[in-house]
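Before any questions on binding or motion, here is one chain by itself as C-alpha cells, the form predicted on its own.
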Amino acid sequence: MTRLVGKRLLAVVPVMLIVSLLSFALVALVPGDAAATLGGPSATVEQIAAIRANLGLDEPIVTRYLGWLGHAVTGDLGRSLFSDQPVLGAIGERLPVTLTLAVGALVVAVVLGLPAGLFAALNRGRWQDRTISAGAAGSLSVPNYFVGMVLIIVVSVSFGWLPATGYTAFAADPAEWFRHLVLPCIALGLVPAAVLARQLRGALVGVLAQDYMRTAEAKGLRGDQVLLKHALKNAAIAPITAVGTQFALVLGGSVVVEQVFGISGLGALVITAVQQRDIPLIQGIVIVAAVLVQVVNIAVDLSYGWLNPRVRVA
C-alpha cells in the first residue's frame, strides 16, 4: 500500500505540470487584453503599454510561465490583476461553498444511484430493471442547468417549499444552509446518480453470475450475507471509480449550477476572472481544481486496497 501511495504521489507531479502548462497557454489565447480592461475606455495606447509592462504582460509567454511556476512551487499563486488580492485568498473565500455543493451532489448521487443500481441488478431483465435503466439513460441526457430551472419553477415558485437562490453559511443557520443546498445538489447530482446506478448494476450482474456466488449460497449463507459480504464488495470497484471521475465533472458542472441558483462560489469567480482576463486568478482556480481532483483520485486508489487485497501487496 505504501508503494502504491508513493507511485500515485509521484504521478501527480507531471500531471500538474501538464495541467499548468496547458491552462497557461490556453488563457494566453483568450481574446482581449487585461491591461486595456484595467486602463478603462479612456486610457491611451501609452498608458495601456505602461500597465502591460508593469504587470509583466509584455514578456514572452515562456518567461511568464516559468516565473509563475517558480512562485507556484512555493505556494504563491500570485495576485489578482484587478483586486490585487492574493489568488489563494480569493479562492479560499469561495472554495468552501463549491466544495459543499460538490460533496452534496455526490451524496445525492450515492443515495439515489446505489440503491437504484442494486435494485436493477437484483431484478435483471424484469420491468424494474428496464425502468431504472431507462430513467438513468434519460437523466444522462438532461443538462443540469435545465433540471435546476425546472426545480426552481416547480418547487420554489409554484409551491414555495424551498428557496430558489442564494446560499447561507452553515455557521450562520444550519437549517437554512441545508434548505438552500437541496435543489442545487439535486440538479448537480442526478447525472452522477445515473452513472453510479449503471456502473453498479453492470458490475453486480457480472458478480452474481460467478461460480463462487453459487458456492456461497450452497454453503447455506443467507441471501443478504451473500449480497453484502461477497457480491457488493467485489462489485464496488466500478462505482467507486465512477465517483472519482464524477467528482471532476461535478466541479465543472458547479460553474453553471451556481449561476442558475445565484450561489457565489468558484463558478462565479472563474466567470468573472475569464471576463476580465485575470490570468493569475484563472490559473490559480485551474490548479486548485486539479489538485482536488488528484486528491480524490488518490483516495479512490487507496480504497482499492481495501476492496482488493492484491493491491496492498503491489
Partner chain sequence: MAPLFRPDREPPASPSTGVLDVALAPILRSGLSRRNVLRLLAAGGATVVGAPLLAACGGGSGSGAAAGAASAPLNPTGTLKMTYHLAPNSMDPIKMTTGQFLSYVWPMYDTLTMIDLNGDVQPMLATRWDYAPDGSALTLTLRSDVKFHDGTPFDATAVKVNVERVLGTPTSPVRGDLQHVTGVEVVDPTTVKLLLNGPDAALPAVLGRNSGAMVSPKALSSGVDLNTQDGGSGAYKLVDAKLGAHAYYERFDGYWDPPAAAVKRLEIDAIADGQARLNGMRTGAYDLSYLTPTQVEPAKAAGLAIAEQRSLWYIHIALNWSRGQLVDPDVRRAIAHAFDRDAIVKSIYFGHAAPASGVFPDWYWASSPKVPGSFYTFDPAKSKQLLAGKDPVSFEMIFPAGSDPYPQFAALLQQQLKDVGITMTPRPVDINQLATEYSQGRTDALLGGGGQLPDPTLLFRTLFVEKAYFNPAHQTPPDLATAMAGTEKSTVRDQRVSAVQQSVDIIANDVLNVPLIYPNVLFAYKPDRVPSYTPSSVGAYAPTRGVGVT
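Positions refer to the first chain, counted from 1. Being a predicted model, the structure only gives us computed values, none of them experimental. Think of the rigid core as the biggest set of C-alphas that the two forms share within 1.5 Å after superposition.
Absent from the display: the form predicted together with its partner chain. The rest refers to it.
Though the partner is left out of this view, Pro31 does reach within 4.5 Å of its partner chain in the model of the complex, counting heavy atoms only. Heavy atoms of Leu57 never reach within 4.5 Å of its partner chain in the model of the complex, leaving it off the interface. Its partner chain is not drawn, but in the model of the complex it has a heavy atom within 4.5 Å of Ile153.
At the 4.5 Å threshold, heavy atoms of Phe82 reach its partner chain in the model of the complex. Counting a residue when any of its non-hydrogen atoms is within 4.5 Å of its partner chain in the model of the complex, the hits in 261 to 275 run Phe261, Gly262, Ser264, Ile271, Val274, Gln275. The Cα shift for Val30 between the shown form and the other one, taken after rigid core superposition, is 2 angstroms or larger.
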